[in-house]
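There is one chain below, alone, in structure tokens, taken in the form predicted alone.
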């Protein structure tokens, strides 16, 4: 398969105040020399506990976190662009290609906007559509994520948590991206709803040939949805491989700890 994203020696560092009057502080390496590739049409999992650096890695790829070093290559055929080296203006066209689904479906949607306006916001940025065309696209997006098009003019508080996350996914898909970063998309949902959202993401990958980085702290969830996974702790990837093989034969103690933390029924 063709490579779509290649991350090389990615680093994200933040200053830490210390010493008298906050002077003499050092830096904390939230992401410390991370490298990986994702092929077109593939779902790759990134798993780790809170503070491991996994969310910062995803945010750095889409330029929501400052990159301190390394490269994030985006491939278009034989050509590749280092996203980390682009200015904000130069990166703008790539925001259409790369979208993010956020963790919290309650706070990631503007409560003052109807679903129609939420879905039209990215359309207004990247496309010049009249109201009729926007309505048609919004209805298509609602159907795509399993929601009723007739509910377009409702507000977020009128939906359940799982339905709100479907709206968040629809918003991410509005501009027809190639690559989706899913940042803990099911962690804020009831267990009964988590499987529905995971299956939706998997189905959308097949329908739309999406490429996805799926970030989560639950290794069982990541194993279910991803073909390959990476295990991250303290800003570093400590183990990676085919998801089923990694979970059945973990090599790193941290991976074994994540597996042992999965509830047994």
Partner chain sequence: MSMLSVENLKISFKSGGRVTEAVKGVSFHVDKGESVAIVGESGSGKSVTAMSLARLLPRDGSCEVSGRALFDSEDIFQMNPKELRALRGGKIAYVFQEPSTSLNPVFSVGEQIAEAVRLHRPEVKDVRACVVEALEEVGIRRAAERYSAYPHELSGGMQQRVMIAMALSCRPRLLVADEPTTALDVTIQKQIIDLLREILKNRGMSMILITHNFGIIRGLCSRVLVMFRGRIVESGPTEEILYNPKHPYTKALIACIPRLGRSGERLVSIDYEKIDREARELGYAY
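Positions refer to the first chain, counted from 1. Computed from a predicted model, the values in this text were never measured in an experiment.
One more form of this protein should be noted, the form predicted in complex with its partner chain, which is absent from this view; the next part is about it.
Within 4.5 Å of some heavy atom of its partner chain in the predicted complex lies at least one heavy atom of residue 224. Taking non-hydrogen atoms only, residue 85 never approaches its partner chain to within 4.5 angstroms in the predicted complex. Proximity of residue 167 to its partner chain in the predicted complex: non-hydrogen atoms within 4.5 Å are absent; the residue sits far from the partner. Among residues of the shown chain, residue 247 is one whose heavy atoms approach its partner chain to within 4.5 Å in the predicted complex. Relative to its partner chain in the predicted complex, residues 46, 55 and 71 are all farther than 4.5 Å at every heavy atom. Checking 58 to 66, 201 to 209, 26 to 34, 230 to 238 against its partner chain in the predicted complex, the stretch whose residues place heavy atoms within 4.5 Å of it is 201 to 209. A single residue from the set 163, 194, 99, 108 has any heavy atom within 4.5 angstroms of its partner chain in the predicted complex; that residue is 194. With contact defined as any non-hydrogen atom lying within 4.5 angstroms of its partner chain in the predicted complex, the contacting residues in 234 to 258 are 243, 244, 247, 257, 258, given in sequence order.
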